[in-house]
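Starting off, we have a lone chain in the form predicted on its own, written out as structure tokens.
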Amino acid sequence: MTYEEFKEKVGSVILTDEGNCPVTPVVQMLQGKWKLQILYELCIKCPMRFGELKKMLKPITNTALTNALKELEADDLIQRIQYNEMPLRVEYSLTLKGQDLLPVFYSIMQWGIKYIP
């Protein structure tokens, strides 16, 4: 569906084949205090290690970062690669599905520049 088609149909309620609003699952997938910030950091530098993300997302706790990363991985927005070496090394990067969010972030950025001083 194009943006023009979306604007035309949004007033008549757009529903998926299951009868749901298609925006709701996206909002649920991205909700949370840290998820968008994690995705943003991975847009800037990819891959990143846990410690690098923690440093960029001060004052996030280890638990909050771990939980957010697990949820993003479960939603296939990021991938976790564990290297079997000592010390253990784990890197996080955007999946293709996560990379498809880049135009959405760009649009949000443009809106922010326009409306938030």
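The first residue of the sequence shown is number 1, and the count goes up from there. None of the values given here were measured: they were computed from a predicted structure.
What comes next is about the form predicted together with the DNA, which is not displayed.
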Inset, instruction - Scan Val26, Met56, Val90, Leu36 and let me know which has any heavy atom within 4.5 Å of the DNA in the model of the complex. - result: Val90
Inset, instruction - Using the partner position in the model of the complex, report whether Gln79 sits within 4.5 Å of the DNA, counting heavy atoms only. - result: no
Legend entry - Contact flag, Cys46 vs the DNA in the model of the complex, heavy atom cut 4.5 Å: no
Legend entry - Contact of Tyr40 with the DNA in the model of the complex (heavy atom, 4.5 Å): no
Inset, instruction - Find out whether any non-hydrogen atom of Asn84 is located within 4.5 angstroms of the DNA in the model of the complex, and reply yes or no. - result: no
Legend entry - Heavy atom contacts to the DNA in the model of the complex at 4.5 Å, residues of 66-84 in sequence order: Thr66, Lys70, Arg80
